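In the form predicted alone, a lone chain appears below as structure tokens.
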């Protein structure tokens, strides 16, 4: 079901993926465990990997969708998952840094959930966070800072759903083997099932590159695509593959080695330090070599997810290009910035490049051409509980 073209991680091989615009491939999930669930996948997209202990079913997806949009899932009943992952913004929130309950400011920005089912790791910087079921516990139970504020109020939150007849029926049908199905585990399993369905692959670029729609991409965006995939700029080296994100996982794939990159965004001490608590993989490993390393997010729908970087510190796509053209923002932060030096922390791909005004405009046009309006529209139309 997954051909060799889909298996490729390099962006140049992306150009060979078979894709027919406007059509979807129907793939039955979970084999014998499918229980009526069928993936609706863009041509050329592999089926997402599904854990054996959490098979996909339509009722479980529906339960997860409702929970995702329901503020009763937060400790004080004021915040839903959708508060930070808005379908209109490709499941981000438009903020530099996310806000939890009672306006608690998170250190990092809310990542897009576009094609989250394919991510080799989840979140910005945690190599060990690889399952959506586990990731859902982070915003629910995190206390530094509180996000959804469920920690210590688990029984209260679950009682809200156990006392709701419609939810009680959904939990029972979604988890028929459980005598008492309204549990935190089942909440996270339902959320994960829903999130795996957030699949986007019908952007103008997809329709032009794989669907044969010559008019889907204007000349400026086509010029931008050539720049993006050029060795001079090397954008595709980190934002690779069909998801424009580097390593991916899917049904039948081997476990890829997760990749994290230091893009020279900060240099606090002249030796490449990042400001705490956002020290990247270093935050988890404590290794000096992991300072400032973050995962490359997908570029699908990237025009909808400003501001950019892990802390929302770059406001526009044009400014992001300036950052990479300079070989890292720390190298061009002005006369009062610490003197930037070559170091072993910044990714070697951050060599910098020169862009003419026309090239800069063409690249921005290409990035806008990765917006899948049908994905956003459908997510908005089906979003309400």
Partner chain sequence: MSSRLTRIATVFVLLTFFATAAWAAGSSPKPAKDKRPGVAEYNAGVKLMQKERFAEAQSKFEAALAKNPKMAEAHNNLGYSLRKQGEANFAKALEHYNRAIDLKSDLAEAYMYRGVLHMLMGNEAKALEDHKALTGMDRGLADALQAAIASGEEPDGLEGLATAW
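Everything numeric here is computed off the predicted structure, so don't read it as measured data. Positions refer to the first chain, counted from 1.
Missing here is the form predicted in complex with the partner chain; even so, the following discussion is about that form.
Enquirer: Choose one stretch from 210-218, 70-78, 161-169, 271-279: the one whose residues place a heavy atom within 4.5 angstroms of the partner chain in the predicted bound form.
Expert: It is the stretch 210-218.
Enquirer: Which one, 225, 235, 84, 116, lies within 4.5 Å of the partner chain in the predicted bound form by heavy atoms?
Expert: Flagged contact: 225.
Enquirer: Test of understanding: in the predicted bound form, would residue 102 fall inside 4.5 Å of the partner chain by heavy atoms?
Expert: Residue 102: no, not in contact with the partner chain in the predicted bound form.
Enquirer: Is residue 48 near the partner chain? Define near as a heavy atom within 4.5 Å, in the predicted bound form.
Expert: No, residue 48 stays farther than 4.5 Å from the partner chain in the predicted bound form.
Enquirer: I'd like to know if residue 205 sits close to the partner chain in the predicted bound form, meaning any non-hydrogen atom pair within 4.5 angstroms.
Expert: Yes, contact at 4.5 Å.
Enquirer: If you check in the predicted bound form, is residue 91 within 4.5 Å of the partner chain, heavy atoms only?
Expert: Residue 91 lies outside the contact set for the partner chain.
Enquirer: Candidate spot 124, 139 and 377, all three in 4.5 Å heavy atom range of the partner chain in the predicted bound form?
Expert: Zero of three within 4.5 Å in the predicted bound form.
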